[in-house]
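What follows is one chain in structure tokens, specifically the form predicted on its own.
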Amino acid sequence: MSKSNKPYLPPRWLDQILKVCCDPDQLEEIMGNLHERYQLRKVRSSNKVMLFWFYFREVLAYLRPQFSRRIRIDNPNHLTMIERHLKTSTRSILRNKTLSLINIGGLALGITCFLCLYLWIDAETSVNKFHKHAEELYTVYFTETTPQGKYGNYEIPFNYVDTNMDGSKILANELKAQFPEIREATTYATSYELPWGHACTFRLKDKRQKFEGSVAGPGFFRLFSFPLLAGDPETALSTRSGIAISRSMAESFFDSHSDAMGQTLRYENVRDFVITAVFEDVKDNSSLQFDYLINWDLTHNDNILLSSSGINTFLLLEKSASPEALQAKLQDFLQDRLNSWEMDVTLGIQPFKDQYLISNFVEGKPLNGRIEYIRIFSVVAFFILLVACINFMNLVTAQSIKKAKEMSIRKVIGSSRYSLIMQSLTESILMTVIAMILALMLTWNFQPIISEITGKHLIMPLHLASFWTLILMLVVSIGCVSGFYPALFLSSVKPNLVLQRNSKPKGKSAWLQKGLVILQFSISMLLMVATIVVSRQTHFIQNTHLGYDKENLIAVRIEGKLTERQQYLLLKQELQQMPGIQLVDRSSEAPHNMGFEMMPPFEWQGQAKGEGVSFLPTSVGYDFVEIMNLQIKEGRNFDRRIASDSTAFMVNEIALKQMNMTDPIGKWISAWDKRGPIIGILKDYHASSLHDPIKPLIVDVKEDLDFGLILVKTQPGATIEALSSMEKAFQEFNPNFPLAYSFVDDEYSALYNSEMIINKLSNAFASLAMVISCLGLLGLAISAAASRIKEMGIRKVLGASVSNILTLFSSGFLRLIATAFLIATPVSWWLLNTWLDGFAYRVHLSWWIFIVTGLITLVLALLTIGIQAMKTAASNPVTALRSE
């Protein structure tokens, strides 16, 4: 068999778990099914993490009672032995209350962190997996190659496939007609009108409310499994006058969702829609969020809403279809239809269930995104659990003197090594069970906090067998991993040596213990460095001067009567005379997120042949520069007293650079079917996220556009007064539309939700990791003090001072902390530098971050062991020597 034909095999250790746990009569069928599905996924995706994760979850699903191997206990002596081990373990735990409390507490905290992160990761990875046809659903994206590089996007302009430019064809219909392996195709658009995404007004008699919705093709409910409470998926969006609404929207207008069917709602005060379906509220586990859906054909053919190109296309493939083969066919699909545009554009498809996690485009293809954070926190969860397990191993090994004596006596009276190992493992598993119970209680109480931090409604799935299977596997694996080495170490000690003199970890055991402490603190320091860097980057994002003033700036969508120029100007005049309001102006784009780039058709004086610039375009009012507090580097602002300014333009510095234009003032530029002079150069400002570099900007004046935003600048400290004024004014000038506003600084912060979540999570879990590490250090200090009490007594009798004892006691631990610092510093520098590379504007990794982290760890370590060291140094040596 050639290498290319070699079957893909899943992780062997997971197969071994199945072999151990599953019924032998069912094992062959179970493994056959799992291997087949694994190979199918492997063909579709090369993402090893996701392949492992899916296989891991499927293995967990088979660890249920109906598939499990029957355990028979034929010998009653086995039950007696288990009972004896449990009794002995309970006595041992109670006899060493302090160390047991530290051990169980540390383990409980570690498991709590793991479970909290598991809930979040599970919620993130389950998004869009609930659809019945999830495995056959695909989303279409396009890749455009330009001289500046490759760019990709999911939002494909519908007229790209229309050679007549009249918008009579859409990509979804074209693809379905051309390729028989496509079973269904639909169009979906949320950002169909500028500004991107907004709530629309619905009215029933005198009741008016705003809801956010989308437009979709008639086959939408055949592709996606959003449950319908009323209506038929085949006819829900089959008519232009039909609308499907959510349960909440139905109940807000009618007594119940069942009363809503067939009723009429007035939309944006322009037309009526008949309710043809009511669907269950869309849950958090869907990336498509909407309160209502209306028919795409209505917006497309009547042209009442569509004014942009932000349209998504989704495909449902036949089960027998090959995505790779379809991908190959799609390569030239657009190119063949865009020859006249001289553009290099190709199409691609991506599994829809992956789009939520992998949506950032690199070199024109979706390659990363939220999945990076999932990977990072999966590793963090594992490391925190590892730190807790290391604590356990270190503390049990540190108690080896007392345990070794106990084991030796058992050996002398006839216990086998197997029995001693089982006794030790029973004790560790019993402690793990107690820690797990505490962890479940803590996680249950932490659910609201984690939900608030992550912005997701997280609930422990206590009703799922797979969750309890995971808990069982954690208990067994943590108990065995944590207790196996101490069990082997203690059971191997020779009784005659132990009973003659004290014994403590030496040789390999001592090095292993030190190595585990170093690993534990290296992980904690790495997490602490990550916390500081993420916090600094988040602070940088929130406080960097963007080149404009976003404070006290309110945005309101232009709708209803305000789409009329005269009505808007009257409102503006009225608002500027009201208390609490400084300035009013308008913009076609949201000033904090101008992500709508355009290449053609822009021309300028002196443009070289083939030269092009991708601009961020915006149309504004005459007071835009003043209300945004923008700086003009050269030239002047728009002036309403100069008639020719209605055709004039302003560009920013980066645009000027890319246009290769010198002495720009007065030179002509052509855009939007008009040609006018450049009158001013704006100093560069951030018109989008700090993830992206500043892009070329082109601005013109248009106060007669029927879309966009009204921007209201309020006086500092007078926001409430200004909002009250706005409420009255909008009620007077636009009475059919309830006022809905947003603060620009809040909208800007929302661009960094992921970073905010990462910042809060890293703060919480880095602190807990350090607490767990210090708990382990405290346990080691207590054990060390107990084992060296005679040594310290003799040193004091021979004249050692308290400071000498303190130095001697602490120096060993501090050497371990120093070694951990040397390991953690380069590793954390590399990891954090890689993360920061995802930002066009970022903080720098300063040396003091690592020094501060080392000092904090050192101080915490000294505080942790200092009390025990002082207690040891201050103890009466006579008492210590007498006890020996």
Partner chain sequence: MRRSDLGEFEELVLLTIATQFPDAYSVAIAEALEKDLKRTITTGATHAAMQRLEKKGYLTSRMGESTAERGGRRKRLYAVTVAGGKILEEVRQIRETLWSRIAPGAIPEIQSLQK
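Between two forms, the rigid core is defined as the largest C-alpha subset superposing within 1.5 Å. Numbering follows the first chain given and starts at 1. What you see is a predicted model, and the numbers here were worked out from it, not measured in a lab.
Missing here is the form predicted together with its partner chain; even so, the following discussion is about that form.
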Where, among 817-825, 831-839, 848-856, 50-58, do residues come within 4.5 Å of its partner chain in the predicted complex by heavy atom distance? 50-58
Contact test, all of Glu29, Gln39 and Arg64, partner its partner chain in the predicted complex, heavy atom 4.5 Å: yes
Displaced residue check between this form and the one not shown: Leu862, CA, 2 Å or over, core reference: no
